[in-house]
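For this one, two forms of the same chain are given in structure tokens, first as structure 1 and then as structure 2.
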Structure 1
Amino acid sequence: MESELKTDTGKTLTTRSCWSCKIEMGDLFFCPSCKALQAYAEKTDYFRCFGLERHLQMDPEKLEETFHDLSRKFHPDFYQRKSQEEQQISLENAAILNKAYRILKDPMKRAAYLIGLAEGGQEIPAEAPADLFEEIFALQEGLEEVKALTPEKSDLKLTLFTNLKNTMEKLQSRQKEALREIEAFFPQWDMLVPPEKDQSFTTQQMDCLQKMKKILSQQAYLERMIKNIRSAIGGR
């Protein structure tokens, strides 16, 4: 069970009891007394899975190195002769770690996850970029025309497919631009993260997150449109 301890400086530390020997311990992977493997703490977010602050700027090579190190620590093969409890913990920890790595290694998913932490896990809605309304309207018309095509209209089909592919390339270029835009906010966000592990979000942090959320909302819409095009042209 987790509990919180306030230090003299006001910093909050997470403590819990070892499931095996019941001693009070910090947020560690192995009990310092009986050496039993510990499950990730109940409130552990994906950043803390890797022992990281909630920073958005990350060294991908270092993240991967930590991932492989922790994967070895949790690998079920090492616990085949351990207790049933530790075998189950190793499986659960490995599953959480794998999911955390998939999220944190992707800049867009990393930012979206952080926004979810701040907003209680709400899904980011898709929002069409205002400056692409004309292209999107033309795209939707093109998709409807493709659905209505008959086999004998092969020439028109080729033209429509070419137009859709050109539109898809434009949307993919816009996606790359969106990635650059959101990564530009990462240094600003990291400066707002306090050195202590305070899990609350300040007004300044929420303002920064809302700006990133708008970009992610448009990114989600672009991704949906690209999927629609791929479906319509059959992967061409």
Structure 2
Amino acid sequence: MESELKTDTGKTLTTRSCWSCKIEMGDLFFCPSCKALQAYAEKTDYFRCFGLERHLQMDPEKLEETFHDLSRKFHPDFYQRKSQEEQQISLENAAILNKAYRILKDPMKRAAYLIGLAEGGQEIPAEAPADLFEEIFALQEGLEEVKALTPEKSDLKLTLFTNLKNTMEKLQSRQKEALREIEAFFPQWDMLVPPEKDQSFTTQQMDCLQKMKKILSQQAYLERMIKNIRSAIGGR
């Protein structure tokens, strides 16, 4: 029954041969002849791991369902009594699948990953949002003061901590805003994805990605600031 599965994209893109019985087969998870599990083709992107186009709008529940279905196909638990080779493939496929799910289920990470695909995988640099300069300046000062705290000034500590917590909440609500902003671009991007093409990106697409990238840069900055505050006021 497993040999009836569609390819991971739902279409046959390449032909390859089964590692075990060497017969020619499509881009399938299981060899139609010997039933051996096949490794994800090299450079399969995370979207394709899930059998998806490079769309940014996703239904979280459907994504979860696919994740669970694919886990049932790949998880090493089910290959314990199979050959060494198949165990290794199951391990590698499951690892790729888990990484893909981690990225795709988070809208911010999903967009960042797509930008990485377009630009060759560099990290998105953090950039301070221009309208927050004052708050950020005050925050830096606050963090310095916490560092300089001595045990005698415990009353000062309380005020400082309260201030930092307030700033953190402000930054967190700003993060939520950034999420809404970036999600607003998703339908626009999805319109630009040609149904059949995959590798190259058009100028229009690159333009759309650049806009999202700016939001992500600011998001990365906010993330760093929140982390700094967390480590200053204790807790992980």
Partner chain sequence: MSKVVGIDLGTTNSLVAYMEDGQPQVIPGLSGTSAVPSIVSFDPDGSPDQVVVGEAAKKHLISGSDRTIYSVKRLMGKGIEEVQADLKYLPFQLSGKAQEIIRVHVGEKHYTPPEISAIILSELKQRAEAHLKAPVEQAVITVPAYFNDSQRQATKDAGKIAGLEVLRIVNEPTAASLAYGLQKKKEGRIVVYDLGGGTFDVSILKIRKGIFEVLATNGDTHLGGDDIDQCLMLFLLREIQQQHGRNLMDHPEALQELRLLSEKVKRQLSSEDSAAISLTLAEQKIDYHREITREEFEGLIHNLVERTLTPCRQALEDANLKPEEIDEVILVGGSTRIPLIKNKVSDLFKQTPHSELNPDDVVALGAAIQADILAGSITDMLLLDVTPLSLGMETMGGVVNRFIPRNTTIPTSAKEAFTTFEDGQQSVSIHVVQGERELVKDCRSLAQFNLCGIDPLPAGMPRIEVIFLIDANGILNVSAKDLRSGKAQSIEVKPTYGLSDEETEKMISSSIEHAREDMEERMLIESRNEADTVLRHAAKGLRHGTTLLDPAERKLIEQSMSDLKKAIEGSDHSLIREKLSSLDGATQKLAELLMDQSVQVALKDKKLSDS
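The first residue in the sequence of structure 1 is number 1, and each one after it adds one. Fair warning: this is a prediction, and the values are worked out from it, not measured in the lab. Think of the rigid core as the biggest set of C-alphas that the two forms share within 1.5 Å after superposition.
Structure identified as the form predicted on its own: Of the two, structure 1 is the form predicted on its own.
Is_shifted M25 between structure 1 and structure 2 (CA, 2 Å cut-off, rigid core): Superposed on the core, M25 moves its C-alpha 2 Å or more between structure 1 and structure 2.
Rigid core superposition, R81 Cα moves 2 angstroms or more between structure 1 and structure 2: Comparing the forms between structure 1 and structure 2, which are aligned on their rigid core, R81 does shift its C-alpha by 2 Å or more.
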